[in-house]
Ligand SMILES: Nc1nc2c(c(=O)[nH]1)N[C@H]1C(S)=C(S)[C@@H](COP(=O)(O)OP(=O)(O)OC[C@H]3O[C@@H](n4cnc5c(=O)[nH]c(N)nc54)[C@H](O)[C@@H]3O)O[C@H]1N2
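Given as structure tokens, the chain that follows is alone and in the form predicted on its own.
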């Protein structure tokens, strides 16, 4: 205690994947200060603008503070206050009715980006209830990298920033802006200061381009062709790790033959990258040991995601950078309860065959339903009807591709319940809206199940408003009335103790440590082989036909064919001030980025008679929206970079907060999906632009 302030050490969450250790100053149950913890395992004192502004979530005057029941037509904005017992009872009554009429598969449990234990408690509830369908945005976030890695080398190759790399490749990873999945950029910056070299592969001139030895400014959506060209150069010039390739890879000769045609000259026509730069970057990566590829979320944003990621894992492998310090490693988990046991997968052994996407023959091991396939089930009954949904930590009207299709699906559901901290466009069409507690207001565990080899303590800092419940508590209370009570606890905090039990630590002892990390063990394949059918890295998949997958990484061309009516190439990026569609209502963040903006090269702006700040219409085959012009040479003249996740909480609920006006996903479509993950094209979309004239 100093001057009445109590300082609590915790970790940031729900502003992105979290990971920054924070020191939070508290007085009279109010947070009065947030600063980065200099001893933070991942951030070493760094904290972003979102983290500094995070206490504003707790005290915002428009925060949801009690359960609501729809009192008018869907989306009309009329609500009545109800009690928590009534809310739990009404949700249970409706879900049980759907189960009785359509079976438990007629109900979807939906989650946005996993933010803590709530994701896994949701899966536990679904399994206990007998419902196979947990819908998540993992088709465009995390799952393609993780599952492709598992099929190729037996694990999810994550970047090791805790050991020195000679070279780091930032491939579609704007790490100074997004801190994706706990890969906090402060560790990388320290390495760069000590001489680590950098390759940046990105359509935009992101901040770290200024530190890069090579920048490949490729056309959005052409990463798979570029990766195959890297393989062409490295195998053709025999720059690969010959010992590793000979002893630990399967299908190398087939891969070499397959990539022979992907010369830098041919690929330059697809990617718009100078062939000499492709050669330079490929050689630099191959000759640097160890080297790490920090691969970002945008690689998962086209129908070609599987092939792109397969090719990149092949690169890691043939250059000897898998599971070595400073490379792409198989993280070793701390001694905690396994996911399967925690989510009670034993209660639903038939789940793999019953999930919606199993009928579409997606990639094995994909355990959450792609949103596009969820909506087919709602709108068309394909492969069977889904009639009700429970949603938490998500705003599908903004974040699912083809937002109008999402609207139709939400409106068609017979029942929808949403848990959130603020009334969003999605919550505004629900039948029941529940007020969630937010980060700092409950005990939580971060990074469980993400495959990075550590857990982060997120102890409660202040009490929530009286009727704001943590999502884990909400799910526990629902579980007690929807399923057998034996699967739940009187105190939901016992779920956290259950996870930690194998470690021998209580939650309190865990918070004193701050984090749990698995042991550093590298090159495990030397004694155990790789966890694949051949025991090697499968450059060519040995069971491709059985798995319904292509044996070698392919290049299927552009995500969308060129169309002269839509001559510009559209991409999008996340803002450093927001998390997808969240927090447009936090004043200090909104001041930093008050309007949705589209980045346009000055040459392009001149051609289309657009000036800085003009309201412009962006149009694709799927729809059109309005954003404000931001002139910058960060993008190529043929590329536009739009803002993602925009709605306007200052507008009226009756308009669903102007969800269509500037929403990037009005411009996207689900007509073409990658067969492996059900991934739509979010990048490399043909578009045109014009200045709005009033």
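Predicted model, so just to flag it, every value in this text is computed and none were measured. Positions refer to the first chain, counted from 1.
Below: the form predicted in complex with this ligand, not depicted.
Visitor: Which pick from 208, 319, 147, 140 sits with a heavy atom within 4.5 Å of this ligand in the predicted complex?
Guide: Looking at the other structure, the residue within range turns out to be 140.
Visitor: Pick from 382, 345, 297, 550: which residue has any heavy atom within 4.5 angstroms of this ligand in the predicted complex?
Guide: Selected residue: 297.
Visitor: Look at the stretches 219-227, 96-104, 124-132, 234-242 and give the one with heavy atoms within 4.5 Å of this ligand in the predicted complex.
Guide: Selected stretch: 219-227.
Visitor: Please determine whether each residue of 421, 436 and 683 possesses a non-hydrogen atom within 4.5 angstroms of this ligand in the predicted complex.
Guide: Contact check passed for all of 421, 436 and 683.
Visitor: Residue-level contact is defined here as any heavy atom of the residue lying within 4.5 Å of this ligand in the predicted complex; does residue 580 satisfy this criterion?
Guide: Within the cut-off, so yes.
Visitor: Using a 4.5 Å heavy atom cut-off, state whether residue 525 contacts this ligand in the predicted complex.
Guide: Residue 525: no contact with this ligand in the predicted complex.
Visitor: How about residue 503: is it within 4.5 Å of this ligand in the predicted complex, going by heavy atoms?
Guide: Residue 503: no, not in contact with this ligand in the predicted complex.
Visitor: Would residue 304 count as a contact of this ligand in the predicted complex, using a 4.5 angstroms cut-off between non-hydrogen atoms?
Guide: Although this ligand is absent here, residue 304 would stay clear of it in the predicted complex, with no heavy atoms inside 4.5 Å.
Visitor: Who in 195-217 is close to this ligand in the predicted complex, meaning a heavy atom within 4.5 Å?
Guide: The stretch 195-217, when checked against this ligand in the predicted complex, contributes 201, 202, 203, 204, 206 at the 4.5 Å heavy-atom cut-off.
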